[in-house]
Structure formats: structure tokens, C-alpha cells
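What follows is one chain in C-alpha cells, specifically the form predicted alone.
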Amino acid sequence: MKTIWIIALKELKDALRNRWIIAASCLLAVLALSLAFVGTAPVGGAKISTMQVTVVSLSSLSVFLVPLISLMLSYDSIVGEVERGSMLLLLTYPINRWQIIFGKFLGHTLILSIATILGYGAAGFLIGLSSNGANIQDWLVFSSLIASTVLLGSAFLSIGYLLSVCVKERATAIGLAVAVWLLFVLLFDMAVLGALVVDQGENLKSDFVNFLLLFNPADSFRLLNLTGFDSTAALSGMSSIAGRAVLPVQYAIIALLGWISLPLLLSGYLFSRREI
């Protein structure tokens, strides 16, 4: 366990030295504040929570941005070090390969968590000060967004590690990372929507579609944030969907945890059998 933490702290120090955390935190904070003050303009004087409207907007933004950040962090974690020759040097030490995988993953998860908490947290604090007063429910919803964003990012970190272990060149890894991002963020939902339009409700029932969405970490994230609370479900227009949903919101959490653990475990197994 000590070895894992040493590797994790090394990744964290590299990110701090490269100012990656500062850049990511500022990006997330600026985007969150922009959505907060621009996205809530149409509501006027209506008694609608600015923070919860921001959560609905950020749920859509995070689906596009956080997976891309995570994949760019992790796609060359293994193959990049193999190409540079630093992996051979690292393996000369008394260290197991699975410790390298888990240590790097822990370090990148810490980086993503710090950036998300600082970025979204700072924005949430400013939104709370500028609004008429955020209540406990608002802060609970916003905290859930931050926690689920970390889970979403961790899931794509695991997928990035799996890609990095399976390929032999960084160019191939980055190409696959972009393809995976397009698949889960855009193409998957387009395919499901197209199937629903063609089927017209004859064979594809709501319980099957809900279950199908769990096979996409981005959709699990959406379900968790847009249907997890009655207030955000009403603001997002999904209150009726949430009321008819067959699968509880807890299933979305389990799906995200599965997307984190299964690719990571498979990465450790494949890396242990890979010739360097």
C-alpha cells in the first residue's frame, strides 16, 4: 500500500509542477459560473434555485468535458512510459505491476478530484453568495454533482488505462481515446434514440431502455444527477421519466462503480502479462 501511495503522490506532484490542476480548476470554475449567470437569466424573478439550475446545466457540460479530460490524463500512462523507456527502469525496483496501475490511477483520481472540488466548489460558493440564499437541499444537490463528477471521471480514467495497456504506440492510444469519447458521449445515445424511433415503442420497453443506459457511464451520470432529486428532475423536464423509471437511482451509482473497477482490474491483469 505504501508503494501505491508513493506512485500516486509522484503523479500528483507532476500535475502540480505542470500546473495542470490549476488550469483544470480554473476551466471548470469559469464554465460553471458562466452557466450559472447566463443559464439562469431567462427565469427572471421566478423563485427557482440558481444553484439547482446550475446543476442541471453542469450535468450536461460534465458529460462532454470530464470524460475528455480523464482520457487525456490516462491514455498514455502505460504506453507512454514504455515508449520513453522509463517503465523498464521502474520495473527494476521491487514493485509489482498491479501496484503501478493502481498507484497511477489513485494519483490521477486525486488530480481529478482536486480540480473538480476546487473548480465546481469555488463556483458553487460564489453562486451561493450571489443568490438569495442557498438552502441545505441546494448544497446537497451540488455536492452530489461534485461527487458524481469524480465518479464519472474515474470511470473514464479506468477506460483510458485499459486502452493504454492494450496498445503499443501512443498514437494508437490517443486515437482510441477519441473514439471511446465519441462512442460514449455521442454515438451511444444516437444509436439508442435511433432504435427507439424505428421501434416506435413496439418491442423496446422503458425498463429495457433504462437498463441499457447503465452500459454507458455518461448516461449513468445523467440519470444520477437529473433524476436523483425531485427538484432537479422537475427543472430538467425529467420528473415524469423519473416517476416511471424501473431502475432506482442507486443502480446508476453501482453502474459507475462497475465502470471504475472492471476496466481497472482488467488493466492490471493485462499489464501483468504484457512483455515490456
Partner chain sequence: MIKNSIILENVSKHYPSHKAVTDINFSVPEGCLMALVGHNGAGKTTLMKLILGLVQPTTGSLSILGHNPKDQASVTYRNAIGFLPENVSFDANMTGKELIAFYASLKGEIKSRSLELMDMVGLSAALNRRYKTYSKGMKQRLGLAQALLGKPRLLLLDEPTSGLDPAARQHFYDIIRDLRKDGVTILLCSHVLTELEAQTDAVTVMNSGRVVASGSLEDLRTQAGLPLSLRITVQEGMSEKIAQPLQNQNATITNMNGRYLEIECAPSSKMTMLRHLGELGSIVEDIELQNTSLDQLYAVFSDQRGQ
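The model shown is predicted, which means the values in this text are computed figures rather than measured ones. Residue numbers count along the first chain shown, from 1.
Here the subject shifts to the form predicted in complex with the partner chain, a form of this protein not shown in this document.
Determine whether any heavy atom of residue 89 comes within 4.5 Å of a heavy atom of the partner chain in the predicted complex, and answer yes or no.
Yes, residue 89 lies within 4.5 Å of the partner chain in the predicted complex.
Residue 178: touches the partner chain in the predicted complex, heavy atom cutoff 4.5 angstroms:
Heavy-atom contact with the partner chain at 4.5 Å: absent for residue 178.
Proximity of residue 94 to the partner chain in the predicted complex, heavy atoms at 4.5 Å:
Yes, contact at 4.5 Å.
Is there a non-hydrogen atom of residue 84 within 4.5 angstroms of a non-hydrogen atom of the partner chain in the predicted complex?
Yes, contact at 4.5 Å.
Pull the contact list for 248-276: residues with a heavy atom within 4.5 Å of the partner chain in the predicted complex, in sequence order.
Heavy-atom contacts within 4.5 Å come from 275, 276.
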